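Next up: a single chain in structure tokens, the form predicted on its own.
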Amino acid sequence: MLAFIAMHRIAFMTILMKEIRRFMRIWQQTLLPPAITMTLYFIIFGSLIGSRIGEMSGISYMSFIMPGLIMMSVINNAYSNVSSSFFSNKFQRSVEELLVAPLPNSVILTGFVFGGVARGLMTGIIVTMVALFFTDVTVFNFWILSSVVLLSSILFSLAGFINALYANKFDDVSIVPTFLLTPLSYLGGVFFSTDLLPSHWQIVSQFNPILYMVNGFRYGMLGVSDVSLATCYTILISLILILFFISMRLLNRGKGIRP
């Protein structure tokens, strides 16, 4: 039994380290662009526009948008890492080597997912360091902060895995981030409080999962949130379980990877 567990642990760590080396090897494409993009967001929205807005929810606008920008970079990079990496393995047919290995599909899935988590967290740290040049970075509750960012990166890594399974060409990998992920991020309370929205739009915004991630992370940093923490954790954990079940079912069926 111990040998069986050790074999799976080695396999998981091998996939994870391969994923980390992959995005670290091309850091100019994976880690540098988010830092530049978020710097522009801080300058344009935080410094230029924020000085005219003043405060949001009782705090400076720069401090208000900081958690949202960090979370936006985390979920985008966690998603992109898994979707692009696993699809590349499909395209190069190297995924077949994993499928014929004596490994359960759960090990393959968690290896790729936590590779996406690693990139998401590393990007979040880089953006946080960028934020230090523009505003004070505070931590209201470290455990809430770390748990929300971890759960969010796991969730979008799973979503990226499902995208990679369904993708038939490289263009399919970018469809979801462009037409779904980006609009949801902008409408997820990154740049504004949902209290400013008309009542009917507040109801619509409650169906946006990114709203709960951004506000949960914002509470961990600043102690303010538009939604309850209980709702935030319930939605995050529920969505993770649903996407994990879907990912495992698709992987067991060989969706997109078997003729």
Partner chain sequence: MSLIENYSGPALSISGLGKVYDNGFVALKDVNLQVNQGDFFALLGPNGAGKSTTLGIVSGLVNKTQGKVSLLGLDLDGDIYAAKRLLGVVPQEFNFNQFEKVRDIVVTQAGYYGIEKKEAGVRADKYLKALGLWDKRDVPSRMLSGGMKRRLMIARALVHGPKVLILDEPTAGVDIELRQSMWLYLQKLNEEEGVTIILTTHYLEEAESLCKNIAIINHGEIVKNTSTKELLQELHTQTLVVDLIQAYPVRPDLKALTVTWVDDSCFEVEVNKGTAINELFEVFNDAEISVSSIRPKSNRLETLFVDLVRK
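Not measured: the values here are computed from a predicted model. Residue numbers count along the first chain shown, from 1.
Missing here is the form predicted in complex with its partner chain; even so, the following discussion is about that form.
- Segments offered: 155-163, 174-182, 74-82, 100-108. Contacting its partner chain in the predicted complex at heavy atom distances within 4.5 Å is 100-108.
- Although the partner is absent here, Ile235 lies well away from its partner chain in the predicted complex, with no heavy atom inside 4.5 Å.
- Contact between Arg93 and its partner chain in the predicted complex is found at the 4.5 Å heavy atom cutoff.
- By the criterion of a heavy atom within 4.5 Å, Ile246 is excluded from the residues contacting its partner chain in the predicted complex.
- Its partner chain is not drawn, but in the predicted complex it has no heavy atom within 4.5 Å of Leu239.
- Of the residues in 130-158, none comes within 4.5 Å of its partner chain in the predicted complex through any heavy atom.
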